[in-house]
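The data below hold one chain only, encoded as structure tokens and taken in the form predicted alone.
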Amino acid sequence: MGERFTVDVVVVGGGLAGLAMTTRLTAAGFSTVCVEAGPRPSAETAERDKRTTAVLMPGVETLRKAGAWDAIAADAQPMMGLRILDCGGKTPDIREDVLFEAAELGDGPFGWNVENGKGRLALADRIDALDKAELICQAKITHFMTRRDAIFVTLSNGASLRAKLLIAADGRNSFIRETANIGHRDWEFGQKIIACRVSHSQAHDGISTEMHHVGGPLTFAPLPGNSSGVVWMNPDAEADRLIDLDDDAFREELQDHSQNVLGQIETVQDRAVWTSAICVAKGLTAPRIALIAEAAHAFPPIGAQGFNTSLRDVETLAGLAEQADDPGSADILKRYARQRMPDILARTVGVDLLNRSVLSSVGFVRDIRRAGLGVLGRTAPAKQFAMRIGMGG
């Protein structure tokens, strides 16, 4: 027989969202265990995972409440603006150029760009420092059983947990979601996403640059120094061609499509590729169970919506739980679903429509998108409204 524990909450999934949920709930006073199938985040895993994530200011506040932000911020890059370039003509030339500056909304940045590996390590270290939190790695949930006032969880390492709430943060192929019979819809775009890290000759000045080419956006997310994280979406065949190129040939292609917005691209490192898809759960809860992050919604990386939508899940659920003795009560879960589902669906539709418009090769669709961007850039109230919506307002 393995060990038996009684805690308030079990979080399944040790990605950024699951670790953030664990620290935020512990800060709210709940004893919380996070179960992760892989190894514990370490300096080695942080060095291997060079993917980047934008954390907008509302998400920063959530991580600050969790007591984790200062450690994350030490290696993060402030984002002072978002530059959107329409390159949807017959050539990849820039047709429209709009800069959304954080200074138009206040004194601080829009948010910060964080390396995923370093962010996970900082959150794991924070969990280790908390008396009421624990991170159990290299273990999976094999079974769970719900009762009126508790949920009982069995782990692959033989341990068993009794909790008031089970939170699924175990990704778009969530075991918890499927086992709880919560349906989902998913669809692909016939695109792949290439991510890498580049150095360049010109300073980015803390500006994230998103270029809308036919076939998919190309984004340069600022990192410390003259470095950026690149996310490049292309139709499957073109993405396959690009990922098969050697580093020099790939750098030349990227240079051509970047229109020299950051000067000369000098180095390319850590290329990775995955499929562009959307997955949305048909519900967010079951008795004693809540879905967050990619178990509830997964988007292509457009407009920094993915992880920031996940952090809104974290803050909403933690904020509601703080108001009750039982974080997994039917009332708390009902209120969580009612508050989060409209935002999730709205952002799903928005990301889907924007990606389809960028993917389209139809001329009038590209011209309508260009015109809309131009009007937005020249109309201050609309521009500020768009920025607030993007920030989560």
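Residues carry their position along the shown sequence, with the first being 1. Because the structure is predicted, anything quoted here is derived from the model rather than measured.
The form predicted in complex with a small molecule is left out here; the points below concern that form.
J.: Given that the partner is absent here, state which listed stretch (126-134, 143-151, 280-288, 170-178) has heavy atoms within 4.5 Å of the small molecule in the predicted bound form.
T.: In short, 170-178.
J.: Since the partner isn't included here, can you check whether the small molecule sits close to all of Gly14, Thr52 and Gln305 in the predicted bound form (heavy atom within 4.5 Å for each)?
T.: Per the other structure, all of Gly14, Thr52 and Gln305 touch the small molecule.
J.: Please tell me whether any heavy atom belonging to Ala139 falls inside 4.5 Å of a heavy atom of the small molecule, as the geometry stands in the predicted bound form.
T.: Contact with the small molecule, yes.
J.: If we define contact as a non-hydrogen atom of the residue within 4.5 angstroms of the partner, is Ala293 a contact of the small molecule in the predicted bound form?
T.: Heavy-atom contact with the small molecule at 4.5 Å: present for Ala293.
J.: Taking the shortest heavy atom distance, is Gly29 within 4.5 Å of the small molecule in the predicted bound form?
T.: No, Gly29 sits far enough from the small molecule in the predicted bound form that none of its heavy atoms falls within 4.5 Å.
J.: Is Val35 near the small molecule? Define near as a heavy atom within 4.5 Å, in the predicted bound form.
T.: Val35: yes, in contact with the small molecule in the predicted bound form.
J.: Taking 4.5 Å between heavy atoms as the contact cutoff, choose which of Thr209, Asn116, Thr316, Gln255 touches the small molecule in the predicted bound form.
T.: By the 4.5 Å criterion, the partner-contacting residue is Asn116.
J.: Identify which of Ile182, Val198, Val231, Ala102 has a heavy atom within 4.5 Å of the small molecule in the predicted bound form; exactly one of them does.
T.: For this set of options, the contacting one is Val231.
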